[in-house]
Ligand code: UTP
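So this first bit is one chain, no partners, the form predicted on its own, shown in structure tokens.
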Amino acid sequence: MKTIVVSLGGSILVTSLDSHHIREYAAILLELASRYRIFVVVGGGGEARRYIGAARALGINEATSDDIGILVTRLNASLMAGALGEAAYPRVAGSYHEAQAFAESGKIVVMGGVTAGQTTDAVAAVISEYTRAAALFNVTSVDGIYSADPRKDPRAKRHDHLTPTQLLEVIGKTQLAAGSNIVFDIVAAKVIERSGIPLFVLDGRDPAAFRNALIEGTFRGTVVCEGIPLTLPL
């Protein structure tokens, strides 16, 4: 059974506690669990950024602000693990070694942030490398990687396929601070480059689009890999 890692952006998974897609994504992950060994990394989204903003206003340093954001990612991850029920390992993994140990149960492993200075995308890239995953799926609030921010530049072009080197060129000037909200960060991209693990960047605002990508092979997004772009399903 192939291993996949799914990085679920907090901004698409938990818009607020009253408006979220946890149930929908849990149902899709349960369907996928019969085909794949799954690790899920959950982001903090707007809630994490609000806490980090409050921390900065109090004069708290960036590393500690990151720690606060990590706590929020783990709260979101706990909600996802709970929604998955007995299909998920009952504890949110707090480290890469814990995640690998939990996976021996055969259950879906859910993680949030791990350490200050790393986004959850970087966590997803590293656990992909640890587990020799067949692919990493970055499920976010845009439909792929663009030449510029499409929300600010109407001339921005979406890339259907990039090599890891090209991905680094696109995002190489991005600043990294606590609570960064970018499509894919440079640390994660460097891990993808060295590991050679294929990356799929998909629009997660509609959970059905994620399901269609993994099960039916129809998706709109960006594939990052060397050579000819991979197709889905794996």
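Start at 1 with the first residue shown and count on from there. Quantities reported herein were computed from a predicted structural model and do not represent experimental measurements.
The same protein also exists as the form predicted in complex with the named molecule; that form is not shown, yet it is the one meant from here on.
Student: Would you kindly say which of 70, 38, 197, 55 lies with a heavy atom within 4.5 Å of the named molecule in the model of the complex?
Tutor: Checking each option against the named molecule in the model of the complex, the one that comes within 4.5 Å is 70.
Student: May I ask you to choose, among 134, 116, 75, 83, the residue with a heavy atom within 4.5 Å of the named molecule in the model of the complex?
Tutor: Result of the distance check: 116.
Student: Would you check, heavy atoms only and a 4.5 Å threshold, whether residue 212 touches the named molecule in the model of the complex?
Tutor: No, no contact at 4.5 Å.
Student: In the model of the complex, does residue 9 come within 4.5 Å of the named molecule, counting heavy atoms only?
Tutor: The answer is yes: residue 9 has a heavy atom within 4.5 Å of the named molecule.
Student: So in the model of the complex, does residue 43 come within 4.5 Å of the named molecule, heavy atom to heavy atom?
Tutor: Contact check for residue 43: yes, within 4.5 Å of the named molecule in the model of the complex.
Student: Under a 4.5 Å heavy atom criterion, is residue 49 part of the interface with the named molecule in the model of the complex?
Tutor: Yes, residue 49 lies within 4.5 Å of the named molecule in the model of the complex.
Student: Heavy atoms within 4.5 Å of the named molecule in the model of the complex: which stretch among 119 to 127, 87 to 95, 153 to 161, 101 to 109?
Tutor: Careful reading of the contacts points to 119 to 127.
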